[in-house]
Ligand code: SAH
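Quick setup: one chain, the form predicted alone, written in structure tokens, and binding and motion questions come after.
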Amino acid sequence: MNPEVLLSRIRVVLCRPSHPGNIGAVARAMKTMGLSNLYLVSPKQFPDPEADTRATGAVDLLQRAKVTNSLADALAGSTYAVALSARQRDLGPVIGQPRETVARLLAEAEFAEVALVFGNETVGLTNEEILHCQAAVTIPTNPEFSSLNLGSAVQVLCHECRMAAFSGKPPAAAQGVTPFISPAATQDEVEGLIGHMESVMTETGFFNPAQPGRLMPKLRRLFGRARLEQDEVNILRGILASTQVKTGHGRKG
């Protein structure tokens, strides 16, 4: 299935978020990974200017966000939900690792809408909320400092979703209109550069053809390893030519 379609079927559900800035940060995290469906369960303060400020270009997600009074309402119409939990609950689903759990989430998204469910910034999800989900996941962190803010937690799992949807190879961001690289130099262009360098080194006394040693083979190996581009050959030959002009020698080769 088209990866963008899969991502469009994933809801990000925030239960009882207490800070509007975190809602904005979540919207930004979602949009950078290609997710767009934000659900808010009983947010303390929304809409709010701080949420718009923290969204930084993802205000459209906030404008389309669906606000509900319960997690059950936020999950209506979906078939599979994954809860983020830092610990195993007595009656909750077994906690899995992000990569494996997200793979199952994407498999379910091929047939219907699914959800990633996040709890309140301070207390997380309640046991009742966990029981509304079919799976649970934890984000492995440094045991000595395991605190993740809400936006960061959403970013991690949305990134896993994007990687899984694109089979580990999502498209890169578009580059500038002017490509920085030039075509690879041909063998004869590199040979011309080497000959030009040999000529200049001989003229300046740096290279003695009567006692060549290993200088030229080492230079040839250097340029072979560098895989020069045409622009790079032209730049180097331009430098060499300017040296010849200053020393009174004409450009050769």
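Quick note: we count residues from 1 along the sequence shown, nothing fancier. Everything numeric in this text was worked out from a predicted model, so none of it was measured.
The protein also exists as the form predicted in complex with the ligand; that form is not presented, and the subsequent description refers to it.
K.L.:
Can you pick the stretch from 132-140, 70-78, 101-109, 160-168 whose heavy atoms fall within 4.5 Å of the ligand in the model of the complex?
P.N.:
That would be 132-140.
K.L.:
Although the ligand is absent from this view, report whether Val114 comes within 4.5 Å of it in the model of the complex, heavy atoms only.
P.N.:
Residue-level check for Val114: no, no contact with the ligand.
K.L.:
Hey, in the model of the complex, is Gly92 touching the ligand, heavy atoms inside 4.5 Å?
P.N.:
Gly92: no, not in contact with the ligand in the model of the complex.
K.L.:
How about Ser182 - does it come within 4.5 Å of the ligand in the model of the complex, if we only consider non-hydrogen atoms?
P.N.:
Output for Ser182 is no: heavy atoms all beyond 4.5 Å of the ligand.
K.L.:
Would Asn127 count as touching the ligand in the model of the complex under a 4.5 Å heavy atom rule?
P.N.:
The answer is no: Asn127 has no heavy atom within 4.5 Å of the ligand.
K.L.:
Each of Ala86, Phe118 and Leu148 near the ligand in the model of the complex, meaning some heavy atom within 4.5 Å?
P.N.:
All of them do, each having a heavy atom within 4.5 Å of the partner.
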